[in-house]
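Here you get one chain, nothing else, as structure tokens; it is the form predicted alone.
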């Protein structure tokens, strides 16, 4: 089950699964996209890159996925 339109997404349920294994591997030199601590620490620049389409490197996320990540950030980044 994922967060509905009026709910704040959580990292474990909604955000972690948005990042593929290849995304994680590409970023491991900087941080771990499957780590709540790393993603919450770097959430602002991750969101910026998701919004401008430069992340992930092989193509932009669908707008619905970017919106879920943005809602998670705006909602206080719950685990």
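All values derive from a computational prediction rather than experimental measurement. Positions refer to the first chain, counted from 1.
The protein also exists as the form predicted in complex with ligand HEM; that form is not presented, and the subsequent description refers to it.
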### Query
Does ligand HEM come within 4.5 Å of any heavy atom of residue 64 in the predicted complex?
no
#### Entry: Contact flag, residue 19 vs ligand HEM in the predicted complex, heavy atom cut 4.5 Å
yes
### Message
Under a 4.5 Å heavy atom criterion, is residue 68 part of the interface with ligand HEM in the predicted complex?
### Response
no
### Query
For residue 12, is any heavy atom within 4.5 Å of ligand HEM in the predicted complex, or not?
no
### Task
Would you confirm whether the three residues 36, 74 and 77 all fall within 4.5 Å of ligand HEM in the predicted complex, going by non-hydrogen atoms?
no
### Task
Would you give me the residues of 45 to 60 that have any heavy atom within 4.5 Å of ligand HEM in the predicted complex, in order from first to last?
45, 46, 49, 50, 55, 56, 57, 58
